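Just one chain follows, in the form predicted alone, and it is written as structure tokens.
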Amino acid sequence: MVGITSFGGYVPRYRLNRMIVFGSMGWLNPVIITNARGEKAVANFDEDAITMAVAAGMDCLRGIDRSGIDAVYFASTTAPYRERQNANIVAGALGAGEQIRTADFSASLKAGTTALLSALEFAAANPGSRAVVCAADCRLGKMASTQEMVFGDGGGAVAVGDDDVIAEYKGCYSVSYDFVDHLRGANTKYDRMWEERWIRDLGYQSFIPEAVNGLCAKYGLSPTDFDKVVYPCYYGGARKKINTMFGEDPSKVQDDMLATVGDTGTAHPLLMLAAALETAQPGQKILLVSFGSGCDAMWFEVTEAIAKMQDGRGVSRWLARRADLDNYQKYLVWRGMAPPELGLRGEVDKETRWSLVWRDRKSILGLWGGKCKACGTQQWPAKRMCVNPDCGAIDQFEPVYLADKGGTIFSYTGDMLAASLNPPAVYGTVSFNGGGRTVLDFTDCTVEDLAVGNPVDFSFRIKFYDPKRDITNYFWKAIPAVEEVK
């Protein structure tokens, strides 16, 4: 039996009330008031599709041995690299091994479910193997556009295999069309869309029913047979019409999170699926549908093992961990839509030393440290000699993945002189749980949120961006420990 073995989600901490956007830009395009309800999730200045995919993957893999991962797939239409496999960065940050299969899926909003289908086929063809699919997007709409109002940032992740399956994969039906509703060329930063009625009437209201009816005809089902229905569609009228396919019970249709997160593109079906699995019951039939250049319709059936994974992972705790971004101009700066003056310190040339990145890739991507086999001392980064002065053993270390271990604050400071897109820059010394200390940046917090001894988690973030060479460099930062929501 092949299917989903775990799930995870990620929603950035900051939320922008859409009325703030309208209040700033409604003078230019008053019609955007029609999408001004609720708020949208906004990635921090040091987040992008890769970091959010890693965050969702970390949520998905909580308590799961990384050494058993055989494949990592990454799906996004906003990946930072066109040549340099983004999935390898995600896999390294998740602590997966290096003798695995990795792949990027892109260029369509249904790339997330396409990656999921590929992962399921990989698991079916290789008994005993496990694959992880991480999807995330950080799409941009121009100022005063519908896209700016609707798009949100976020990630979703699903692990698949044939052991401890929580939702059995039963089958799929796909349709693929060169239907151009949204597009971005290779050199284009902002999303461009065709007329809304075209997207709504010929797109959502045509393709989703075609995919669902095709799945049902293929397996002898009726749309009303499903207990949970997950599909993205941010047009309210179209959504109501599509919902009539699934019967009179509106509770079976998963909330689209448009009012709380926004449309997260490639990640949205997986993010909504993670939310659905948080409350799924054994025996329930789940229908997962994507949209973008066609549709993938997938059928899952929940097993008794679902209870083991309903431990706070998913979406709820990220939705609860929110903070207002009450400044539209800050949003513009964070997304690179308005160039700020960062002073001379912001002009320092930061060239990437790829030989160093390769040599220390385990420490940089996975925050791998070492534990002395002779005395048990843990340290980061891993070195040949034990730092314990009473030990001094050489080459006696076993690797320790520290990224999911957490730590405590040893010291911290706020620096108004350092160049930062969210001053003051906050950094300090963090003690790893289990031993070892290092200096890290803090993010998703203010100085007032911190105190010596408080617990922290580690979050994979953009360390710096080199605009001269178009290189994004990543490392781990500390964030206040995220509260569990059950």
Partner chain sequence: MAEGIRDKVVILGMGCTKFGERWDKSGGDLLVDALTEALEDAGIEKKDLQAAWLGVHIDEINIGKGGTYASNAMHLPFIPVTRLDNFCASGTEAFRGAAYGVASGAYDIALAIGVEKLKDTGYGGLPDSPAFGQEMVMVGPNATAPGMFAQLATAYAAKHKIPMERVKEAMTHVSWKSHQNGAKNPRAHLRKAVSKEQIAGAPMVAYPLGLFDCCGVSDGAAAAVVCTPEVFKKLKPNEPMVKVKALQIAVSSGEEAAYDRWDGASILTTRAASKRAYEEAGIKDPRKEISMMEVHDCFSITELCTMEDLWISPDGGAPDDILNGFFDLDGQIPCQPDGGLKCFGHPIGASGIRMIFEMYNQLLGRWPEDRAVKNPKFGLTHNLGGVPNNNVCSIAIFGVD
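For clarity, every value in this text was computed on a predicted model and none was experimentally measured. Numbering follows the first chain given and starts at 1. The term rigid core refers to the most C-alpha atoms you can superpose between the two forms while keeping them within 1.5 Å.
Just so it is clear, the following notes concern the form predicted together with its partner chain, a form of the same protein that is not shown.
Engineer: Please tell me whether any heavy atom belonging to Phe464 falls inside 4.5 Å of a heavy atom of its partner chain, as the geometry stands in the model of the complex.
Structural biologist: Judged by the heavy-atom cut-off of 4.5 Å, Phe464 is in contact with its partner chain in the model of the complex.
Engineer: Would you classify Leu356 as touching its partner chain in the model of the complex, given a 4.5 Å non-hydrogen atom cut-off?
Structural biologist: Taking the distances in the model of the complex, the answer for Leu356 is yes, it comes within 4.5 Å of its partner chain.
Engineer: Quick check on Met416: any heavy atom within 4.5 Å of its partner chain in the model of the complex?
Structural biologist: Yes.
Engineer: Is Arg66 one of the residues lying within 4.5 Å of its partner chain in the model of the complex, judged by heavy atom distances?
Structural biologist: Residue-level check for Arg66: no, no contact with its partner chain.
Engineer: Please tell me which of Leu258, Met298, Ala211, Ile364 lies within 4.5 Å of its partner chain in the model of the complex, judged by heavy atoms.
Structural biologist: For this set of options, the contacting one is Ile364.
Engineer: Quick one: of Ser222, Thr279, Thr352, Ser251, which gets a non-hydrogen atom within 4.5 angstroms of its partner chain in the model of the complex?
Structural biologist: Only one listed residue qualifies here, and that residue is Thr352.
Engineer: Which of 22 to 30, 424 to 432, 35 to 43, 58 to 66 has heavy atoms within 4.5 Å of its partner chain in the model of the complex?
Structural biologist: Within 4.5 Å of the partner lies stretch 424 to 432.
Engineer: With the partner absent here, would Glu398, Asn454 and Ala481 each sit within 4.5 Å of its partner chain in the model of the complex, counting heavy atoms only?
Structural biologist: No, the candidate spot makes no contact with its partner chain.
Engineer: Determine the residues of 422 to 445 with a heavy atom within 4.5 Å of its partner chain in the model of the complex and present them in sequence order; the list may be empty.
Structural biologist: Contacts from 422 to 445: Ala425, Tyr427, Gly428, Thr429, Gly435, Gly436, Arg437, Thr438, Val439, Leu440, Asp441.
Engineer: Return yes or no for Lys383: a CA shift of at least 2 Å between this form and the one not shown, with the rigid core superposed?
Structural biologist: Yes, shifts by 2 Å or more.
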